[in-house]
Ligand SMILES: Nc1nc2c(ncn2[C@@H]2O[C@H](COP(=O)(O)OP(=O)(O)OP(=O)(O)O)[C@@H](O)[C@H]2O)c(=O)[nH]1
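Here's a solo chain for you in structure tokens, the form predicted alone.
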């Protein structure tokens, strides 16, 4: 059952009557006198809001946003809110948390986009999709395979680059990633490329050497070429729960993450964790990947992501 269906079930009138009967002690065969109306109502409403809180947390929504939603649902209502009021206020709070600058910035000559994220989130395929999208928009692209810790990542990017007709600055496994980026930027400048997209090593919080490499890439771009990346994009798997926020915190501590590519939104994603990232870290979603083809990427649409959360199982 989806989050939205469970929400509607919780506040639908039939359930109201059922919980009223239980709270009032009017079960079949019971002779216990009903509770006073005020006590019965307050007990029922308290139970409903407690159930709503559990429902929001279970959907992966952070505690701060959950408390804001509960406050909003309670205020301005005499008595118990209707199903439509609850759904509308939940939707409004989720949308408000996501209301950040979601524009993809491709400034500079060339613009430089760094893409990072833990292994397994769809980072390399997302890079190819992004490159294909920008290429279809009339831009020239160079991909830089700076994830030199995994030979498989280099080969995968090369194959995808060939598929979409975009050149790839390759490296060899174990090569200094910053040197690959340096060579790639030199080539991009010489060839008047519009956008350079850099695939960087996926890492977990305890991989300090990979964190250092990521920071070294940034210093190379800034000191050797006198510019900062137009974007530093973190790839987040929408099916990830609380770990998504932990990943975003760790990467943000290491580099100035400017946006998120949200992947796997077509595979039963809960996605509520993205709300906590937006509210706590103020990192906007910029792109959404919703399929396996090279065209299954699109700019962030707030309503689409809110609907994804509401319809998640």
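Positions refer to the first chain, counted from 1. Treat the numbers as computed from the prediction; the structure is a model and nothing was measured.
Not on display, but discussed next: the form predicted together with the named molecule.
In the model of the complex, at least one heavy atom of residue 263 sits within 4.5 Å of the named molecule. Residue 289 belongs to the set of residues with a heavy atom inside 4.5 Å of the named molecule in the model of the complex.
The named molecule in the model of the complex is not approached by residue 171, whose heavy atoms all lie more than 4.5 angstroms from it. Residue 211 falls outside the set of residues with a heavy atom inside 4.5 Å of the named molecule in the model of the complex.
For the options 102, 178, 156, 230, the residue carrying a heavy atom within 4.5 angstroms of the named molecule in the model of the complex is 156.
Residue in contact with the named molecule in the model of the complex (any heavy atom within 4.5 Å), chosen from 97, 121, 142, 112: 121. Using a 4.5 Å heavy atom cutoff, 125, 147 and 150 all lie near the named molecule in the model of the complex. Partner proximity in the model of the complex, defined as non-hydrogen atoms within 4.5 angstroms of the named molecule, places exactly one of 83-91, 113-121, 218-226, 188-196 at the interface: 113-121. In the model of the complex, the named molecule lies beyond 4.5 angstroms of every heavy atom of every residue of 91-115.
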